[in-house]
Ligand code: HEC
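Have a look below at one chain only, the form predicted alone, in structure tokens format.
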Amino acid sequence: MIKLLLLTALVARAAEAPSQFQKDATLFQAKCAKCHTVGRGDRVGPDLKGVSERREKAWIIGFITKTNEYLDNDHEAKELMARFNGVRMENTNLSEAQAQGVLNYINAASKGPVGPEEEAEPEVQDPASKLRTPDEGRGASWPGLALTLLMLAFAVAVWQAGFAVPAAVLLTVAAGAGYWSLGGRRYYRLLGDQQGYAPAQPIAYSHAQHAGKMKIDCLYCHYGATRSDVAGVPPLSVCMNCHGAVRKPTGASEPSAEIAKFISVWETRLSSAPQSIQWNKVHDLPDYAHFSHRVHVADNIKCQECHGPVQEMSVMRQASSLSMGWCIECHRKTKSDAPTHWKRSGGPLDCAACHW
């Protein structure tokens, strides 16, 4: 009898219809959150907090429901697109009633939390200055150089004392330490450590151009990182949001050969033999290790802290070792030594957290 009552209660609860606000919030997440935030700053498009105070309601609804028409003909819409690197907003295919619901959600979110109050975002004047990018061995190791100079001085003293062979040994060791300290260490690593791996890709995609020069947010393309364990490779439809119009580099007279490659693949999507692009994986954890992008992004950890200075990479490479020790070192950081843009510090150290 008790089981029957519990089952009845669960069925009744499951049958409860979500509130209109929940429907509007879901619609915003599905249609807008990839490019816009409400109160968290500009992303691919402008921050929408207080948008009803900046624009007339009719204009906002019209822009949401007739995006292409506005971007082609409306002066304000054209200026907005130009201000955000010419990235064209894709059609939402929403009705006026749905657009009104999305606007209702934006207006409510603009006034502050509508549910349990979230942890306040830490204020950081310059987030980039707080990043701790992986050591790729590309710079000088000052402790190593100090040790090299010390060995050189000792070798000279031994030579002057008349011990030629020990002095030669010390000079050889000092030369090796100097080579290691000035960047040679990046060419030598333990078995299985793929740090520095940068495979050729079927299309010469440049993160330096897109994330660096054009300042496209990482989460615009890798939107899966906010809601899934896996960041994922962006589908071609994301590329075509921009390259449906942009077919050649800025200032170039001829179309780009690399852009033409994926456009030709895109044009086969409705054919009887659709093609795909086989990207070569750069970061590959062992099957026995589990990593969640969603958890780390929610903690406000920046992509560069694991993937290195992506905005400078013409060819994507593995910047960190991805070793267990490297991960554990980060999890052990306390509030005193963790970057200030983290929401929390001190990750789990339980084996079961990463090894299921």
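In this text, all values refer to a predicted model and were calculated from it rather than measured experimentally. Definition used throughout: the rigid core is the maximal C-alpha set that superposes within 1.5 Å between two forms. One rule holds for the numbers: they count along the sequence shown, beginning at 1.
Same protein, other form: the form predicted in complex with the named molecule, not shown, and the subject of what follows.
Within this chain, residue 66 is remote from the site of the named molecule in the predicted complex, having no heavy atom within 4.5 Å.
A residue is said to contact a partner when one of its heavy atoms sits within 4.5 Å of a partner heavy atom; residue 58 fails this definition for the named molecule in the predicted complex, lying far away. Mapping the unseen interface onto this chain, residue 153 falls outside it, with no heavy atom inside 4.5 Å of the named molecule in the predicted complex. Within this chain, residue 280 lines the site of the named molecule in the predicted complex, having a heavy atom no more than 4.5 Å away.
Partner proximity in the predicted complex, defined as non-hydrogen atoms within 4.5 angstroms of the named molecule, places exactly one of 140-148, 173-181, 212-220, 154-162 at the interface: 212-220. None of 131, 108, 204, 168 but one reaches within 4.5 angstroms of the named molecule in the predicted complex through a heavy atom, and that residue is 204.
Along 256-291, these residues reach a heavy atom to within 4.5 Å of the named molecule in the predicted complex: 256, 258, 259, 262, 279, 280, 281, 282, 283, 284, 285, 286, 288, 289, 290, 291. Residue 98 is among the residues whose C-alpha shifts by 2 Å or more between this form and the one not shown once the rigid core is aligned.
In a rigid-core overlay of the protein, residue 230 has its C-alpha displaced by under 2 Å between this form and the one not shown. The rigid-core alignment places the CA of residue 86 2 Å or more apart between this form and the one not shown. Compared with the form shown here, the Cα atoms of residue 64 and residue 238 sit 3 Å or more farther apart in the predicted complex. The pair residue 34 and residue 242 is tighter in the predicted complex: their Cα-Cα distance falls by no less than 3 Å compared with this form.
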